[in-house]
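As C-alpha coordinates, the next two blocks hold two forms of the same chain, structure 1 and structure 2.
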Structure 1
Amino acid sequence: MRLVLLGPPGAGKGTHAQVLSKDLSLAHVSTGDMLREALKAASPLGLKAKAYMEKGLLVPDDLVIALVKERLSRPDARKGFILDGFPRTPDQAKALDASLKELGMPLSVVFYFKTSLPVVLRRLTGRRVCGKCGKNYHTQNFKPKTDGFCDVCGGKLIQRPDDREETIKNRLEVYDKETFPLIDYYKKQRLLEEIPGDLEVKELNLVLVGRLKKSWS
(Lines of atoms letter the chains of each structure in order from A and count residues from 1; the text may use other names and numbers.)
(Lines give C-alpha, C1' and ligand atoms only; values in the text may rest on other atoms or scores of the structure.)
Protein backbone atom coordinates (compact mmCIF):
# COMPACT_ATOMS: atom_id res chain seq x y z
CA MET A 1 0.00 0.00 0.00
CA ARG A 2 1.27 3.45 -0.91
CA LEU A 3 -0.88 6.22 0.52
CA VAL A 4 -0.94 10.00 0.50
CA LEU A 5 -2.79 11.90 3.23
CA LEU A 6 -3.87 15.30 1.97
CA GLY A 7 -5.66 18.05 3.86
CA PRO A 8 -5.31 21.38 5.64
CA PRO A 9 -3.08 21.94 8.66
CA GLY A 10 -4.72 20.33 11.69
CA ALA A 11 -6.87 17.94 9.64
CA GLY A 12 -5.44 14.95 11.52
CA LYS A 13 -2.99 13.67 8.91
CA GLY A 14 -0.21 13.03 11.43
CA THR A 15 -2.53 11.48 14.01
CA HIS A 16 -4.04 9.01 11.54
CA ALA A 17 -0.76 8.31 9.73
CA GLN A 18 0.70 7.19 13.06
CA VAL A 19 -2.17 4.77 13.70
CA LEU A 20 -2.35 3.38 10.16
CA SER A 21 1.41 2.97 9.80
CA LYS A 22 1.49 0.87 12.95
CA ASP A 23 -1.58 -1.21 12.04
CA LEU A 24 -0.50 -1.82 8.45
CA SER A 25 3.29 -1.87 8.98
CA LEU A 26 3.86 0.97 6.54
CA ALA A 27 6.64 3.56 6.71
CA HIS A 28 5.30 6.89 8.01
CA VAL A 29 6.93 9.62 5.93
CA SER A 30 6.12 13.03 7.39
CA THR A 31 7.97 15.95 5.81
CA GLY A 32 6.94 18.18 8.75
CA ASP A 33 8.55 15.74 11.23
CA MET A 34 11.67 15.34 9.11
CA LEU A 35 12.08 19.09 8.80
CA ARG A 36 11.52 19.61 12.54
CA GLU A 37 14.19 16.98 13.26
CA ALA A 38 16.60 18.76 10.89
CA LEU A 39 15.83 22.01 12.69
CA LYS A 40 16.48 20.46 16.11
CA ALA A 41 19.78 19.05 14.87
CA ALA A 42 20.68 22.42 13.30
CA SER A 43 21.70 20.56 10.12
CA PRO A 44 22.26 22.56 6.88
CA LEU A 45 18.71 21.59 5.78
CA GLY A 46 17.27 22.63 9.15
CA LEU A 47 19.00 26.00 9.00
CA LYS A 48 17.64 26.62 5.50
CA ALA A 49 14.11 25.52 6.48
CA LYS A 50 13.91 27.46 9.76
CA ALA A 51 12.77 30.85 8.49
CA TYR A 52 10.09 29.37 6.24
CA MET A 53 8.65 27.11 8.92
CA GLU A 54 8.56 29.83 11.56
CA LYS A 55 6.49 32.03 9.22
CA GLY A 56 4.17 29.20 8.21
CA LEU A 57 5.49 29.24 4.64
CA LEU A 58 6.45 26.25 2.53
CA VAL A 59 10.08 25.17 2.46
CA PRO A 60 11.34 25.40 -1.17
CA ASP A 61 10.30 22.49 -3.40
CA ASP A 62 13.84 21.38 -4.33
CA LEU A 63 14.81 20.81 -0.67
CA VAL A 64 11.67 18.87 0.23
CA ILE A 65 11.63 16.82 -2.98
CA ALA A 66 15.25 15.69 -2.41
CA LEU A 67 14.39 14.76 1.18
CA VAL A 68 11.40 12.62 0.18
CA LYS A 69 13.18 11.02 -2.76
CA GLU A 70 15.95 9.80 -0.48
CA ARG A 71 13.47 8.59 2.15
CA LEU A 72 11.36 6.61 -0.33
CA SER A 73 14.41 4.78 -1.64
CA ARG A 74 15.04 3.17 1.78
CA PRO A 75 14.11 -0.53 2.24
CA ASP A 76 11.20 0.03 4.67
CA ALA A 77 9.49 2.44 2.26
CA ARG A 78 9.93 0.00 -0.61
CA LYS A 79 7.50 -2.26 1.28
CA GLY A 80 4.82 0.48 1.49
CA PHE A 81 4.43 3.96 2.91
CA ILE A 82 2.13 6.73 4.08
CA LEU A 83 3.06 10.21 2.92
CA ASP A 84 1.91 12.82 5.45
CA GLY A 85 2.29 16.47 4.42
CA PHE A 86 3.79 15.70 1.00
CA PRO A 87 3.14 16.57 -1.78
CA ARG A 88 2.01 20.11 -1.06
CA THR A 89 2.50 21.84 -4.41
CA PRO A 90 1.85 20.79 -8.02
CA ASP A 91 5.63 20.62 -8.62
CA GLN A 92 6.04 18.29 -5.62
CA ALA A 93 3.21 16.11 -6.93
CA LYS A 94 4.80 15.89 -10.38
CA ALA A 95 8.21 15.08 -8.85
CA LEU A 96 6.59 12.36 -6.74
CA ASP A 97 4.90 10.83 -9.80
CA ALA A 98 8.24 10.78 -11.63
CA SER A 99 10.13 9.21 -8.69
CA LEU A 100 7.49 6.54 -8.12
CA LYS A 101 7.43 5.73 -11.82
CA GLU A 102 11.20 5.27 -11.72
CA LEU A 103 10.88 3.02 -8.67
CA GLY A 104 7.93 1.09 -10.19
CA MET A 105 5.77 1.89 -7.15
CA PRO A 106 2.55 3.72 -8.17
CA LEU A 107 0.31 5.31 -5.51
CA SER A 108 -2.59 3.19 -4.24
CA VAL A 109 -4.86 5.97 -2.98
CA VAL A 110 -4.87 9.63 -1.87
CA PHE A 111 -7.07 10.33 1.16
CA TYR A 112 -8.32 13.91 1.27
CA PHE A 113 -9.32 14.90 4.81
CA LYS A 114 -12.10 17.41 4.12
CA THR A 115 -12.15 19.40 7.35
CA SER A 116 -14.05 22.56 8.27
CA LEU A 117 -12.31 25.77 9.37
CA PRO A 118 -13.64 25.89 12.97
CA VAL A 119 -12.52 22.28 13.54
CA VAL A 120 -9.06 22.94 12.11
CA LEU A 121 -8.63 26.05 14.26
CA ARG A 122 -9.71 24.22 17.41
CA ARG A 123 -7.34 21.33 16.73
CA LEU A 124 -4.35 23.54 15.96
CA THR A 125 -4.70 26.01 18.82
CA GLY A 126 -5.25 23.15 21.32
CA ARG A 127 -2.44 20.90 20.04
CA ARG A 128 0.48 20.25 22.37
CA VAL A 129 3.48 18.11 21.46
CA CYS A 130 6.15 16.43 23.50
CA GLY A 131 9.36 18.42 23.22
CA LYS A 132 11.36 15.19 23.57
CA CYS A 133 9.64 12.46 21.50
CA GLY A 134 7.18 14.53 19.45
CA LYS A 135 4.00 12.69 20.55
CA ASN A 136 0.82 14.66 19.90
CA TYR A 137 -1.73 15.73 22.53
CA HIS A 138 -4.64 18.14 22.66
CA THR A 139 -5.76 20.36 25.53
CA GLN A 140 -9.33 19.00 25.21
CA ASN A 141 -9.38 15.90 23.00
CA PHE A 142 -6.22 14.07 24.10
CA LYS A 143 -5.07 15.08 27.51
CA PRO A 144 -1.96 13.45 28.98
CA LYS A 145 -2.29 11.48 32.22
CA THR A 146 -0.14 14.06 34.00
CA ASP A 147 -0.90 17.62 33.02
CA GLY A 148 1.92 19.12 30.90
CA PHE A 149 4.00 15.93 30.55
CA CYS A 150 4.21 13.17 27.95
CA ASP A 151 2.70 9.77 28.82
CA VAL A 152 5.37 7.94 26.82
CA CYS A 153 8.68 9.56 27.78
CA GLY A 154 7.81 12.09 30.50
CA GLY A 155 9.04 14.99 28.31
CA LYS A 156 7.55 18.46 28.73
CA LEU A 157 4.60 19.31 26.46
CA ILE A 158 4.97 22.46 24.38
CA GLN A 159 3.00 24.37 21.78
CA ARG A 160 4.50 24.14 18.29
CA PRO A 161 5.78 27.63 17.39
CA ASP A 162 3.77 27.52 14.15
CA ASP A 163 0.54 26.75 16.08
CA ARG A 164 0.31 30.36 17.28
CA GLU A 165 -2.69 32.16 15.86
CA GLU A 166 -0.84 34.58 13.56
CA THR A 167 1.18 31.74 11.95
CA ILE A 168 -1.86 29.48 11.59
CA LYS A 169 -3.45 32.16 9.42
CA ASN A 170 -0.43 32.08 7.05
CA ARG A 171 -0.41 28.29 6.94
CA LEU A 172 -4.08 28.18 5.98
CA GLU A 173 -3.58 30.78 3.24
CA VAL A 174 -0.62 28.84 1.87
CA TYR A 175 -2.70 25.65 1.94
CA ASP A 176 -5.53 27.26 -0.07
CA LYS A 177 -3.17 28.67 -2.66
CA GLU A 178 -0.53 25.95 -3.04
CA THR A 179 -1.99 22.64 -1.85
CA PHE A 180 -5.74 22.79 -2.52
CA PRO A 181 -5.20 22.43 -6.32
CA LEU A 182 -3.81 18.94 -5.67
CA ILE A 183 -7.34 17.72 -4.99
CA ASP A 184 -8.14 18.22 -8.64
CA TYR A 185 -4.79 16.82 -9.69
CA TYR A 186 -5.47 13.50 -7.94
CA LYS A 187 -9.16 13.48 -8.90
CA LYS A 188 -8.04 13.48 -12.53
CA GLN A 189 -5.77 10.51 -11.78
CA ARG A 190 -8.77 8.72 -10.14
CA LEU A 191 -6.80 8.30 -6.94
CA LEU A 192 -8.71 10.69 -4.66
CA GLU A 193 -10.93 9.43 -1.82
CA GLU A 194 -12.67 12.12 0.24
CA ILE A 195 -12.76 11.52 4.02
CA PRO A 196 -14.98 13.42 6.50
CA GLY A 197 -12.14 15.04 8.47
CA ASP A 198 -14.40 16.59 11.14
CA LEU A 199 -15.10 13.16 12.65
CA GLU A 200 -13.52 12.21 15.95
CA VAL A 201 -10.44 9.98 15.83
CA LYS A 202 -12.08 6.58 16.38
CA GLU A 203 -14.89 7.20 13.88
CA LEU A 204 -12.49 8.59 11.32
CA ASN A 205 -10.20 5.63 11.73
CA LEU A 206 -13.10 3.27 11.01
CA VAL A 207 -13.89 5.19 7.82
CA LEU A 208 -10.26 4.97 6.71
CA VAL A 209 -10.03 1.23 7.41
CA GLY A 210 -13.30 0.66 5.51
CA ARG A 211 -12.06 2.61 2.49
CA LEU A 212 -8.74 0.78 2.54
CA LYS A 213 -10.50 -2.58 2.55
CA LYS A 214 -12.60 -1.44 -0.41
CA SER A 215 -9.65 -0.26 -2.45
CA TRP A 216 -7.69 -3.39 -1.58
CA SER A 217 -10.43 -5.80 -2.74
Structure 2
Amino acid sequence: MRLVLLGPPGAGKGTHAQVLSKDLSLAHVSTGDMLREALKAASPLGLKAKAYMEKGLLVPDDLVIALVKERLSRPDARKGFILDGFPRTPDQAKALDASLKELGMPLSVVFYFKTSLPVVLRRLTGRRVCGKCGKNYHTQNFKPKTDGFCDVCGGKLIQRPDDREETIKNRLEVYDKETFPLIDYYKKQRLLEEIPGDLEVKELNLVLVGRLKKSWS
Protein backbone atom coordinates (compact mmCIF):
# COMPACT_ATOMS: atom_id res chain seq x y z
CA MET A 1 0.00 0.00 0.00
CA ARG A 2 1.43 3.35 -1.11
CA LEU A 3 -0.31 6.47 0.16
CA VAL A 4 -0.13 10.24 -0.18
CA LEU A 5 -1.77 12.45 2.47
CA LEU A 6 -2.93 15.88 1.25
CA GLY A 7 -4.53 18.75 3.12
CA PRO A 8 -3.89 22.24 4.50
CA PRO A 9 -1.56 22.94 7.44
CA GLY A 10 -3.28 21.69 10.59
CA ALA A 11 -5.31 19.01 8.81
CA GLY A 12 -3.63 16.28 10.86
CA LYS A 13 -1.59 14.64 8.10
CA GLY A 14 1.51 14.16 10.24
CA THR A 15 -0.44 12.73 13.18
CA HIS A 16 -2.31 10.20 11.06
CA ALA A 17 0.77 9.31 9.02
CA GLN A 18 2.48 8.27 12.28
CA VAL A 19 -0.54 6.25 13.44
CA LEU A 20 -1.04 4.48 10.09
CA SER A 21 2.69 3.86 9.73
CA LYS A 22 2.73 2.03 13.06
CA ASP A 23 -0.57 0.16 12.57
CA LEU A 24 0.12 -0.94 8.98
CA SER A 25 3.94 -1.26 9.13
CA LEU A 26 4.40 1.30 6.35
CA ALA A 27 7.37 3.65 6.02
CA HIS A 28 6.45 7.20 7.06
CA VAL A 29 8.17 9.53 4.59
CA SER A 30 8.06 13.14 5.77
CA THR A 31 9.96 15.67 3.66
CA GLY A 32 10.89 17.66 6.77
CA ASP A 33 12.33 14.60 8.54
CA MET A 34 14.01 13.50 5.33
CA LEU A 35 15.80 16.84 4.88
CA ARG A 36 16.91 16.87 8.53
CA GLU A 37 18.23 13.30 8.18
CA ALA A 38 20.12 14.15 4.97
CA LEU A 39 21.68 17.21 6.63
CA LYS A 40 22.69 15.23 9.71
CA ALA A 41 24.24 12.46 7.60
CA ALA A 42 26.02 15.05 5.44
CA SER A 43 25.06 13.04 2.35
CA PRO A 44 25.84 14.58 -1.07
CA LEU A 45 22.16 15.50 -1.54
CA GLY A 46 21.96 16.75 2.05
CA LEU A 47 24.93 19.05 1.54
CA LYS A 48 23.36 20.46 -1.61
CA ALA A 49 20.10 21.09 0.29
CA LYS A 50 22.05 22.71 3.14
CA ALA A 51 23.55 25.28 0.76
CA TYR A 52 20.03 26.51 -0.12
CA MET A 53 18.62 26.33 3.42
CA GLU A 54 21.51 28.31 4.92
CA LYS A 55 20.68 31.14 2.51
CA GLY A 56 17.01 30.99 3.50
CA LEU A 57 16.05 29.68 0.07
CA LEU A 58 13.60 26.91 -0.79
CA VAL A 59 15.22 23.63 -1.76
CA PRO A 60 14.62 23.22 -5.54
CA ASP A 61 12.12 20.64 -6.76
CA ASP A 62 14.71 18.51 -8.55
CA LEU A 63 16.74 18.16 -5.36
CA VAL A 64 13.68 17.32 -3.22
CA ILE A 65 12.58 14.75 -5.82
CA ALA A 66 16.05 13.18 -5.74
CA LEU A 67 15.86 12.94 -1.93
CA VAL A 68 12.36 11.41 -2.08
CA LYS A 69 13.42 8.89 -4.72
CA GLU A 70 16.47 7.92 -2.67
CA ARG A 71 14.28 7.44 0.43
CA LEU A 72 11.66 5.39 -1.44
CA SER A 73 14.40 3.10 -2.80
CA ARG A 74 15.14 1.76 0.70
CA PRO A 75 13.91 -1.72 1.68
CA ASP A 76 11.34 -0.53 4.23
CA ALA A 77 9.62 1.71 1.65
CA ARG A 78 9.51 -1.11 -0.91
CA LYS A 79 7.01 -2.80 1.44
CA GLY A 80 4.76 0.31 1.33
CA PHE A 81 4.93 3.94 2.36
CA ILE A 82 3.00 7.04 3.43
CA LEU A 83 4.11 10.36 1.90
CA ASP A 84 3.44 13.25 4.27
CA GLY A 85 4.06 16.83 3.09
CA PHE A 86 4.93 15.88 -0.48
CA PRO A 87 4.05 16.54 -3.25
CA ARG A 88 3.02 20.19 -2.79
CA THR A 89 2.45 21.21 -6.42
CA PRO A 90 1.28 19.52 -9.66
CA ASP A 91 4.84 19.76 -11.02
CA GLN A 92 6.15 17.86 -8.00
CA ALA A 93 3.34 15.31 -8.41
CA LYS A 94 4.29 14.70 -12.04
CA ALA A 95 7.95 14.26 -11.07
CA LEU A 96 6.90 11.89 -8.28
CA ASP A 97 4.81 9.83 -10.73
CA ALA A 98 7.83 9.52 -13.03
CA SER A 99 10.08 8.41 -10.14
CA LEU A 100 7.53 5.87 -8.88
CA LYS A 101 7.12 4.49 -12.40
CA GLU A 102 10.90 3.96 -12.56
CA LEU A 103 10.79 2.18 -9.20
CA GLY A 104 7.74 0.11 -10.19
CA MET A 105 5.81 1.49 -7.19
CA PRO A 106 2.64 3.31 -8.37
CA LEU A 107 0.45 5.08 -5.80
CA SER A 108 -2.48 3.14 -4.32
CA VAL A 109 -4.58 6.03 -3.00
CA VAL A 110 -4.37 9.76 -2.17
CA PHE A 111 -6.29 10.91 0.91
CA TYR A 112 -7.37 14.55 0.93
CA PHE A 113 -8.10 15.83 4.46
CA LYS A 114 -10.81 18.42 3.81
CA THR A 115 -10.53 20.72 6.84
CA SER A 116 -12.33 23.98 7.70
CA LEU A 117 -10.56 27.24 8.61
CA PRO A 118 -11.85 27.42 12.24
CA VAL A 119 -10.56 23.89 12.92
CA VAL A 120 -7.19 24.61 11.32
CA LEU A 121 -6.81 27.79 13.41
CA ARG A 122 -7.78 26.02 16.64
CA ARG A 123 -5.32 23.21 16.03
CA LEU A 124 -2.35 25.29 14.96
CA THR A 125 -2.68 28.24 17.35
CA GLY A 126 -2.90 25.75 20.23
CA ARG A 127 0.24 23.90 19.22
CA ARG A 128 3.29 24.21 21.50
CA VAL A 129 6.77 22.78 21.07
CA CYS A 130 9.57 22.14 23.54
CA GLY A 131 12.35 24.64 22.88
CA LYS A 132 14.90 22.08 24.07
CA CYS A 133 13.99 18.65 22.62
CA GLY A 134 11.33 19.57 20.05
CA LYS A 135 8.48 17.42 21.44
CA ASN A 136 5.01 18.67 20.39
CA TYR A 137 2.07 19.47 22.70
CA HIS A 138 -1.31 21.16 22.37
CA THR A 139 -3.14 23.50 24.75
CA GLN A 140 -6.36 21.46 24.37
CA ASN A 141 -5.63 18.03 22.92
CA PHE A 142 -2.24 17.09 24.36
CA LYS A 143 -1.39 19.04 27.49
CA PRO A 144 1.90 18.58 29.39
CA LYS A 145 1.75 17.34 32.98
CA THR A 146 3.16 20.69 34.13
CA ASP A 147 1.73 23.68 32.29
CA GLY A 148 4.33 25.28 30.02
CA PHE A 149 7.03 22.63 30.48
CA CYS A 150 8.00 19.47 28.59
CA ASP A 151 7.24 16.08 30.18
CA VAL A 152 10.37 14.54 28.66
CA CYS A 153 13.19 17.01 29.36
CA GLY A 154 11.61 19.81 31.39
CA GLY A 155 12.31 22.36 28.67
CA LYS A 156 10.09 25.43 28.25
CA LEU A 157 7.25 25.15 25.74
CA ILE A 158 7.02 27.81 23.06
CA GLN A 159 4.69 28.77 20.24
CA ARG A 160 6.43 28.68 16.88
CA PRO A 161 6.13 31.90 14.82
CA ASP A 162 4.40 29.99 11.99
CA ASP A 163 1.67 28.83 14.41
CA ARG A 164 0.36 32.35 15.05
CA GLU A 165 -3.00 33.25 13.49
CA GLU A 166 -1.76 35.84 11.02
CA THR A 167 1.03 33.57 9.79
CA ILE A 168 -1.36 30.61 9.52
CA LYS A 169 -3.68 32.58 7.27
CA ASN A 170 -0.73 33.45 5.03
CA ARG A 171 0.28 29.78 4.92
CA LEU A 172 -3.26 28.83 3.91
CA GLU A 173 -3.18 31.37 1.08
CA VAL A 174 0.00 29.75 -0.22
CA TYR A 175 -1.63 26.32 0.14
CA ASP A 176 -4.70 27.40 -1.85
CA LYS A 177 -2.52 28.82 -4.60
CA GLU A 178 0.13 26.10 -4.91
CA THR A 179 -1.16 22.87 -3.38
CA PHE A 180 -4.94 22.86 -3.88
CA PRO A 181 -4.55 22.20 -7.67
CA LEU A 182 -3.23 18.76 -6.64
CA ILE A 183 -6.79 17.81 -5.69
CA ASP A 184 -7.87 18.08 -9.31
CA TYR A 185 -4.68 16.38 -10.51
CA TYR A 186 -5.33 13.25 -8.45
CA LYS A 187 -9.07 13.31 -9.12
CA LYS A 188 -8.32 12.95 -12.82
CA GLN A 189 -6.19 9.90 -11.98
CA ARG A 190 -9.06 8.45 -9.92
CA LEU A 191 -6.77 8.14 -6.92
CA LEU A 192 -8.35 10.78 -4.67
CA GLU A 193 -10.38 9.90 -1.56
CA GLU A 194 -11.85 12.83 0.40
CA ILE A 195 -11.64 12.54 4.20
CA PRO A 196 -13.52 14.74 6.76
CA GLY A 197 -10.49 16.44 8.31
CA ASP A 198 -12.55 18.23 10.99
CA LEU A 199 -13.02 14.94 12.86
CA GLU A 200 -10.97 14.27 15.97
CA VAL A 201 -8.04 11.86 15.78
CA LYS A 202 -9.79 8.61 16.85
CA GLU A 203 -12.86 9.21 14.67
CA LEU A 204 -10.76 10.15 11.66
CA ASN A 205 -8.54 7.11 12.12
CA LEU A 206 -11.62 4.86 11.95
CA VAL A 207 -12.65 6.53 8.69
CA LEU A 208 -9.15 6.10 7.23
CA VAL A 209 -8.94 2.43 8.20
CA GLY A 210 -12.39 1.82 6.71
CA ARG A 211 -11.39 3.48 3.41
CA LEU A 212 -8.15 1.50 3.28
CA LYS A 213 -9.97 -1.79 3.81
CA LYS A 214 -12.28 -0.81 0.96
CA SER A 215 -9.28 -0.04 -1.27
CA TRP A 216 -7.64 -3.37 -0.44
CA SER A 217 -10.79 -5.46 -1.03
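For the two forms, the rigid core is made up of the largest set of C-alpha atoms that agree within 1.5 Å on superposition. Bear in mind that the values here come from a model prediction, so they are computed numbers and not experimental data. Along the sequence of structure 1, residues get numbers from 1 upward.
Remark: structure 1 matches the stated condition (the form predicted in complex with ligand AP5). With a cut-off of 2 Å and the rigid core superposed, residue 35 has a Cα displacement that reaches or exceeds the cut-off between the two structures.
Comparing the forms between the two structures, the C-alpha position of residue 71 differs by less than 2 angstroms, with the core used for superposition. When two forms of a protein are overlaid on their rigid core, residues whose CA moves 2 Å or more are considered shifted, and residue 191 is not one of them between the two structures. A C-alpha shift of 3.5 Å is found for residue 129 between the two structures, based on superposition of the rigid core.
Relative to the superposed rigid core, residue 158 shifts its CA by 4.1 Å between the two structures. On the core-superposed pair, the CA position of residue 44 changes by 8.4 Å between the two structures.
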